[in-house]
Every structure is written in structure tokens, then in C-alpha cells.
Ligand SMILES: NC(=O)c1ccc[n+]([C@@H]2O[C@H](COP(=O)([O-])OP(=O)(O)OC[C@H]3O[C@@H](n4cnc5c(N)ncnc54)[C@H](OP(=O)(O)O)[C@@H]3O)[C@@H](O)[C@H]2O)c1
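Just the one chain here, the form predicted alone, laid out as C-alpha cells.
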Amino acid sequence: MEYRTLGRTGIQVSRLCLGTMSFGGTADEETSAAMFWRCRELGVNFFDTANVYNEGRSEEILGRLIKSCRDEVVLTSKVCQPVGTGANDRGLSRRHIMLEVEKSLKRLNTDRLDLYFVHHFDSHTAMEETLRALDDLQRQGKILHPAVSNWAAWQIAKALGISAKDSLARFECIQPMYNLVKRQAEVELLPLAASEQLGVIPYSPLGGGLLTGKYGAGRRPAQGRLIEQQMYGRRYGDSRYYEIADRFSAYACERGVHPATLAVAWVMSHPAVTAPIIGARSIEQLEPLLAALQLNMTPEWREEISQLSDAPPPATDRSEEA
């Protein structure tokens, strides 16, 4: 296993991170354990979860699995999304953060989180309020580093400025959506991460399953996330994405590589990316994702694959300078 330094933290993490959104949901505890130990067998030491995944069951299952190897793994969780119907059961207020971190620590059966992600942007809470709460948690040793998911580059840059000005713990890692059909992160998020030495652990490298070879302009499987979950169906509903999936699947087939392997390897090959987050419902789904560790993707190969999809316009819209 190759390990990479997570931003400027000095923490060494595997080139893949196992996301556990399926744990306690589409993957029962036995299947979750099989996937966890398969990853550990290959040297994966990086595991991502969230307080809302399957109403906390993901954290509980992961907590039982890491019991014998807690100090060997790098563990993340998240806060922001609704965990109940109450008016304060969501967001990034100090109140919600302080309550939820205790619940996550209890479910995970650990005394600290290596990374604690704010899961989404909260327009109702002052950024300073959120950052001071995270700084307090770091000082208490309950989290080692704050991190951020699903924020725009300007929001992250603003937060980094506040943290520097007020001597607060800063975000050390970002978790953006990134895959061959969703390349917006290339415009500002990934350059920001490279400039500010932030770790990058992108989610959805398979496009919700779109890039696994099962989908195409005239092809749909009987089941899958894009079929069963309305959110993913909307996210990847553009017919253009299915055309890209067709071209990508044909390209992978011509080269004798599983499309899922190639999709993960393409994300992994971006210079700013630390470790893509992979996830699966079964060992059978997991294996081709893990195979990306063995794929040596050159910059030339990466560029060839990139040509199969549309590059996003530059941040300034001066397309003639691209």
C-alpha cells in the first residue's frame, strides 16, 4: 500500500478511503465487516462515516470494527445534516456541534476523531461561531483536525482567512464531489487545496454507479442508486452524463479494465487528490474499486480519459485562456 501525507497534518493515509454510508443500510453488519477487513488486509487505514448515515448505525458498526485497531486507523465523521425533527437538530451552531460530536464519539466507541467534517454550509450560523466551536473541540482533544465537505471555494477561503486572523484551528481537508461527469472541483476547489496544502478526499468517484458500466444512453440496470434513490437520479439525470458513461465504458472495455477500476484510478490520479472515497454494498462491488490501487495511470492516460467528458469552463469565464 502506498500512503500519502494528508495536507500539512503529517498524518499518513492510504491512497483509498473506505466510505461507510452503506454500513447498516444496504450492507448488513456481516457484509460491512467483510468489506472493512478486506480493506485492512490490503493496508487501507482511512475510514469515513457521518452521524446521519443510516441513523447512526454506520458509526455504531464501524465503532465495533475498529475496536481492536483504533490507533492504526484514521477516522472521520461529520455534522450538519438533520438528525431529528427539532428546530435545533441540524446545522453548524455551537450547540448542535457540541451535542453531536459526543453522540458520534459514543457510537464510534472512541475518544477522538482524526477529522471532523462540517457536512454542508449553514447559512443561518456565523462562520466564526462554527470555527470557534471546532477549535474548542480540537483543544479538548475530541477532534484532531476540522475539515469541510460540500462548501464552495469562496466559503472555504473565507474560513481559512478567519482561522488565520483569529488563530483558530483551520480546515485541513476538503471532501468535494468529483468524478468524470462532475468536474466542477477542478475549477477552484482543487487549485485552492493545492495552494493551501489541504488534504482532498473526493466522494462519488463512480458518479453514483453511473461509471460502473451498468448505465448508458439506452441502458439501465434493474437496481442501483440512480434507480432507487431520487436524489441521485436528479443529480445524474442529465442525458449528457449517460452519453459520457457509454463512451467511458467502451473505452474501458477496449483496454480490458473494469470501468469502476478506471473511474476510481482517474480520480486518484489528480495531483491534488489525497485519497478518493470508495463505497460498496458487497465484497463483489468492492473488489474492482480496490483494484485501482494496482493501476498505474500516467498523466497521458489521464488526459486521454479526460477527453471523454466535458471540462468545466475556467473560473473567470475567459475561455480563450483555457
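Being a predicted model, the structure only gives us computed values, none of them experimental. Sequential numbering from 1, following the sequence displayed.
There is also a form predicted in complex with this ligand; it is not shown, and the following applies to it.
Undergrad: Considering this ligand in the predicted bound form, which of Ile61, Ala275, Ala260, Val44 comes within 4.5 Å of it through any heavy atom?
TA: Contact with this ligand in the predicted bound form is made by Ala260 alone.
Undergrad: Any idea which of 183-191, 156-164, 128-136, 202-210 reaches within 4.5 Å of this ligand in the predicted bound form, heavy atoms considered?
TA: Answer to the contact question: 202-210.
Undergrad: Quick check on Gly224: any heavy atom within 4.5 Å of this ligand in the predicted bound form?
TA: Looking in the predicted bound form, residue contacts with this ligand include Gly224, since a heavy atom lies within 4.5 Å.
Undergrad: Can any non-hydrogen atom of Arg281 be found within 4.5 angstroms of this ligand in the predicted bound form?
TA: Although this ligand is absent here, Arg281 would touch it in the predicted bound form, with heavy atoms inside 4.5 Å.
Undergrad: Against this ligand in the predicted bound form, would Leu289 count as a contact residue? Criterion: heavy atoms within 4.5 Å.
TA: Contact check for Leu289: yes, within 4.5 Å of this ligand in the predicted bound form.
Undergrad: Does at least one non-hydrogen atom of Trp266 fall within 4.5 angstroms of this ligand in the predicted bound form?
TA: So Trp266 does not count as contacting this ligand.
Undergrad: Mind listing which residues of 64-88 have a heavy atom within 4.5 Å of this ligand in the predicted bound form?
TA: The stretch 64-88, when checked against this ligand in the predicted bound form, contributes only Lys78 at the 4.5 Å heavy-atom cut-off.
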